[in-house]
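The form predicted alone is given below as one chain in structure tokens.
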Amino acid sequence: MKLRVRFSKFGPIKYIGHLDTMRFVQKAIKSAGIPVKYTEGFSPHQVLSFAFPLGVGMEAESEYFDIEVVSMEGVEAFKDSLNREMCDGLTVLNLYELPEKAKGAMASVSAASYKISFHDERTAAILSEAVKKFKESDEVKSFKETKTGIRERNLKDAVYDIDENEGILTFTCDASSGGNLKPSALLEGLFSPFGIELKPWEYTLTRTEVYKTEDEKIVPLSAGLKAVNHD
């Protein structure tokens, strides 16, 4: 049986990278006694995959990983068992049953939403104007250096919605394997016309949701799945 696990990540653990977070979760699953399935061969490992690696320093309200278990006995207690083994800042929120033929979390990701709060008063003060300018523009170019040269991109094609409220920037953007937009690229596009170059420590970045595409609409990775734990 396959399960999709929704969790959050806040506090100092946001400075722990994706691979170390994944290793910690694997140990937590083992310590919690979850009957997870292992691969075969000389070096068996848990059948587990994360939907979308979270960047160092980024917090998250709604992240996902998939696991496969060999038994569903006591599955409703899995959330509590896992949370007892988690460190401060990592919290399992929900578990969902995945149909056998469902696409894996990683392959399903098509978009993500974020919110950003700014520590610098000057940046916060012009945020509304920056968002307004972005919305009114037909093209906002971004440039990225790659192995084959400089890649040019129109950010307007990758940002599905964007807004500002009381100094908080919220947006939803492309997160597919071929078009993932880094929040830092959007910030550059927003603020470079004003001569502002933001450093990572000058704002707090939180990923609020991860989406898949169904019937030409983006919906959370948990959409349409049966919850197997009770709050």
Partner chain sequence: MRKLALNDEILLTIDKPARYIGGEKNSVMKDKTDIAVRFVMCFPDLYEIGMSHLGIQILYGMFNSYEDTWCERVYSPGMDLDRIMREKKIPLFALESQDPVKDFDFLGITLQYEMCYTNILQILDLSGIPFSAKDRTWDDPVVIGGGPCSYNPEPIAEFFDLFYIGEGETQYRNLLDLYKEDRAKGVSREEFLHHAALIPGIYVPCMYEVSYKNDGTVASFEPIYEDIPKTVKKQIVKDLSESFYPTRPVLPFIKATQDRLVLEIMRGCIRGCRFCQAGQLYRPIRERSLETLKQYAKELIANTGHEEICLSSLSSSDYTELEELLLFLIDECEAKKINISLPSLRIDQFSLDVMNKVQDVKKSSLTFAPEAGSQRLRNVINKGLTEEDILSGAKLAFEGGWNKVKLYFMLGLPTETEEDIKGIGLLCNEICKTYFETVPKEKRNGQKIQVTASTSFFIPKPFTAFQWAQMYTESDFREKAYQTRLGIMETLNQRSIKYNWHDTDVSVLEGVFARGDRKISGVIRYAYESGCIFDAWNETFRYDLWLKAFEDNGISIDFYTTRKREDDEIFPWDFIDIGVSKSFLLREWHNALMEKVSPNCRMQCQGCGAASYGVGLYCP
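Owing to the predicted nature of the structure, the values given are computational and were not obtained by experimental measurement. Numbering follows the first chain given and starts at 1.
What follows is about the form predicted together with the partner chain, which we do not show.
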item	value
Which of 174-182, 55-63, 160-168, 189-197 sits within 4.5 Å of the partner chain in the predicted complex, heavy atom basis	55-63
The partner chain in the predicted complex: contacted by all of K14, K30 and H119, heavy atom 4.5 Å	yes
Non-hydrogen atom contact A107 with the partner chain in the predicted complex at 4.5 angstroms	no
The partner chain contact in the predicted complex: D20, any heavy atom under 4.5 Å	yes
Close approach of P35 to the partner chain in the predicted complex, 4.5 Å, heavy atom	no
Contact of M72 with the partner chain in the predicted complex (heavy atom, 4.5 Å)	no
Sequence-ordered list of residues in 63-83 near the partner chain in the predicted complex, where near means a heavy atom within 4.5 Å	none
